[in-house]
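First, one chain by itself: the form predicted on its own, in structure tokens.
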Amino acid sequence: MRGLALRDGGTDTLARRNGGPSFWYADTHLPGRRPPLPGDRTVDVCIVGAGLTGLWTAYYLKQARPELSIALLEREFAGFGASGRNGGWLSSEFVAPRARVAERVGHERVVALQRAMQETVDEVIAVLEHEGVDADVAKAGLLHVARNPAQLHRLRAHLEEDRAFGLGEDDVAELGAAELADRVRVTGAIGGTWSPHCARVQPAKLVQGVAAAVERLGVPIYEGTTVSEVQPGRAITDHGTVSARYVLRCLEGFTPGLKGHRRTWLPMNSAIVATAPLPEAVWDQIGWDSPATLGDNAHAYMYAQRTADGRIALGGRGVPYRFGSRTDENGRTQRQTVEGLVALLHDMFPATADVPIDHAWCGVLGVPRDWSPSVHLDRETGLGWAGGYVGSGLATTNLAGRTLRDLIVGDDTELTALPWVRDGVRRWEPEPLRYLGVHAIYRLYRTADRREMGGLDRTSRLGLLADRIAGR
């Protein structure tokens, strides 16, 4: 696999491979490179970024208006970023403070957004089936576990909020310790929830399948093409300028690389480890028989899946942010981050203690200052964007693509009326405040988690303080 890098100092004894885009590409092989932009071009729509946001936008827009000329610009290869590195949760979860959004736009519009996200999970699955994309899809739901009284308190508070926003037992159900153990045996788990609105997927297969579908519709993807600046009517690259009526920014965690966007979204780092395939005897001890995805209720939370070939892929925050909004492009993960994820894996599932770690990698996700994703199109300037998914973008990118389609076509639809269609995104603080603030937040979260695992029976005040500083 191209781009693999071992930790400083020699052989990495924790993971057989460390770095590169992700294990998902090691499983499928890296795609061949498409040619770069062949010089100046004029099109109707220019999309900057060939991750899932840009690909879904091109897919739906070309279907709705086949006569439109569209160009996709990508610095690396389609699916190089978060779209091909994530944990594989095709989930209806939408990361935004619902009560705060409801104060701004009304309760019913937040309910409509939740329903749209649930429908989006099935929409993605239907498109993959229609396009013949095998992405190891298994819609078996999402389990959240609580491993101490404080986590259980937060889980129940979140469930109460779910009910207030119209989610019934069919949407999310509470599980007692015994009911949870029937689905998965997590050491120390005292309760949980299960939602059917989530599917396990193999991210690289998904994004590469969508990219191929976009090309079949006649949309060119220009790879190896770096966009340095976006202006009304044009995108400036190292291979020429693309002029277009509409220019859409779909870069997620790589947005700070554009001129003038250093503080637009914060590139938050997340890391994942993938085990070797687990022996059946180990699976028997864990009891994780279905491909339901798995998360916890810690402040510095984890996310995991049982892969189609019988591995556990488990992720969480490593070094959360690099000074100046820099991104670690080769995917190499710091040793202490790998150690932390492996320790968590073994703590949750002691039976995995002797299972090798095949791969560790990391990537960045986009975080807005208000922790709320957004979609926007300025019809006067032709500039638009979608993103800021805060790590829950695998399904949200599809909803974003369909929404940008409707905004460009000019249709007033249920999608364009959703409350995440907005402008006026607040900018992050300048450095060094940005760096100091983010690292302080995650130090507080980790300390809060340690105190809660140590026996604190309520949410740590440090966790609440971190939420307040973050603006969540």
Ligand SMILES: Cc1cc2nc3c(=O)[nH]c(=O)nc-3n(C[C@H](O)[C@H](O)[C@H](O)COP(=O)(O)OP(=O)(O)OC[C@H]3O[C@@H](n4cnc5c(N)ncnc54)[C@H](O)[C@@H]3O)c2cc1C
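None of these values were measured; they are calculated from a predicted model. Position 1 is the first residue in the sequence shown; the rest follow in order.
One more form of this protein should be noted, the form predicted together with the ligand, which is absent from this view; the next part is about it.
S.K.: Of Q285, T226, Q118, T241, which residue is found within 4.5 angstroms of the ligand in the predicted complex when only non-hydrogen atoms are counted?
M.R.: Residue within 4.5 Å of the partner: T226.
S.K.: Check each of V375, L248, V273, L394 and return the one that places a heavy atom within 4.5 angstroms of the ligand in the predicted complex.
M.R.: Checked against the cut-off, the match is L394.
S.K.: Can you pick the stretch from 86-94, 342-350, 128-136, 175-183 whose heavy atoms fall within 4.5 Å of the ligand in the predicted complex?
M.R.: Heavy atoms within 4.5 Å of the ligand in the predicted complex occur in 86-94.
S.K.: Wondering, does F80 line up within 4.5 Å of the ligand in the predicted complex on heavy atoms?
M.R.: Yes, F80 lies within 4.5 Å of the ligand in the predicted complex.
S.K.: Does at least one non-hydrogen atom of V438 fall within 4.5 angstroms of the ligand in the predicted complex?
M.R.: So V438 does not count as contacting the ligand.
S.K.: Spell out, yes or no, whether the shortest heavy atom distance between T53 and the ligand in the predicted complex is within 4.5 Å.
M.R.: Heavy-atom contact with the ligand at 4.5 Å: present for T53.
S.K.: Please tell me whether any heavy atom belonging to D122 falls inside 4.5 Å of a heavy atom of the ligand, as the geometry stands in the predicted complex.
M.R.: Contact check for D122: no, nothing within 4.5 Å of the ligand in the predicted complex.
S.K.: Listed by sequence position, which residues of 370-387 have a non-hydrogen atom within 4.5 angstroms of the ligand in the predicted complex?
M.R.: Counting only heavy atoms within 4.5 Å of the ligand in the predicted complex, no residue of 370-387 makes contact.
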